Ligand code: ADP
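Below, in structure tokens: the form predicted on its own, a single chain.
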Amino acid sequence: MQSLIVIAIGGNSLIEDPNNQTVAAQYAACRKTVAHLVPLLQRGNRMLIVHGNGPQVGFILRRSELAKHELHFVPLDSCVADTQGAIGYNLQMALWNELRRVGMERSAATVITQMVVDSEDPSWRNPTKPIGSFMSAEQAERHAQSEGWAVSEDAGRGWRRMVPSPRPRAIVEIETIRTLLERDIVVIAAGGGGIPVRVETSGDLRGAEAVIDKDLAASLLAQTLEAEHFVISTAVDRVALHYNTPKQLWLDELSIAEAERYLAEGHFAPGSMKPKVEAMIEYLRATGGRGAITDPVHLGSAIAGRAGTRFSPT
């Protein structure tokens, strides 16, 4: 059996033009991303795809806000589940069409994935993940009073709701995912980082108002499944020091020790490259596998060791 590749793609990669965010436009962007995955499947590899959903969850929340005078509000865990289904559908259809185009008969399946989070995770006491629309200070205060939201001013652009982002601890549907991969089915799982659920004292699962970092979720999947390759697809082809400054320096290779040193020196921005590098380090420590961060165009070359920023245990 060929190598298992876990690939994490960002929700923003499905939106090429901020002025054209229709479902049709998102599918067109999705098909472009999938076209870069098909050559990896043609080589016989197994594949697990994890996707982001930040913009798409924002769309659902905004629709809920606009329709609140007529319809119920959609809780955050349901927003994640909705985007897992919708984006998974787009990816499945794009894979079907692209694989048929190259003469391959291979199927894909989306697994609506729940991620267990710890009730004692410190993020519950310090929500830092902004979601949803920008608000005025008055609107933010009203939501804080009526719905109990944590709100904060976001980089001078307005006020936003802040939610916890707990670390994923376990994958509820892991055996389903494993079985599908063993049957050579391309699996789309843990979209948006997975649906956060907490285990109650009875053993029952209950959805949580939180979001999980999709790169950490993808890393946990890659670790649990002992994937040979873990690749994070993002907007840039490599990781850089002093990004977007005159001192910018692209990095072709990084060891765990180097990556940790650069993290400690503050080179990677929170909410951007920092969680990606952290997710990569965790994967390498657990598996000793091969990792890379690159853009969709260079996915194949990065796995072959010719592009992107390649990560190694030593």
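Here the structure is a predicted model, which means the values were calculated and not measured. One rule holds for the numbers: they count along the sequence shown, beginning at 1.
What follows is about the form predicted in complex with adenosine-5'-diphosphate (ADP), which we do not show.
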| query | finding |
| --- | --- |
| Exercise: Ala269 in contact with adenosine-5'-diphosphate (ADP) in the predicted bound form, heavy atom 4.5 Å | yes |
| Partner contact for Arg238 in the predicted bound form: adenosine-5'-diphosphate (ADP), 4.5 angstroms, heavy atom | yes |
| Distance check, Tyr243 to adenosine-5'-diphosphate (ADP) in the predicted bound form, heavy atom within 4.5 Å | yes |
| Non-hydrogen atom contact Gly300 with adenosine-5'-diphosphate (ADP) in the predicted bound form at 4.5 angstroms | no |
| Which of 176-184, 210-218, 118-126, 196-204 sits within 4.5 Å of adenosine-5'-diphosphate (ADP) in the predicted bound form, heavy atom basis | 210-218 |
| Interface residue in the predicted bound form among Leu40, Leu284, Ala29, Met273, criterion: non-hydrogen atom within 4.5 angstroms of adenosine-5'-diphosphate (ADP) | Met273 |
| Candidate from Gln114, Thr83, Thr110, Ser233 lying within 4.5 Å of adenosine-5'-diphosphate (ADP) in the predicted bound form - any heavy atom | Ser233 |
| Stretch 17-43 - residues with a heavy atom within 4.5 Å of adenosine-5'-diphosphate (ADP) in the predicted bound form | none |
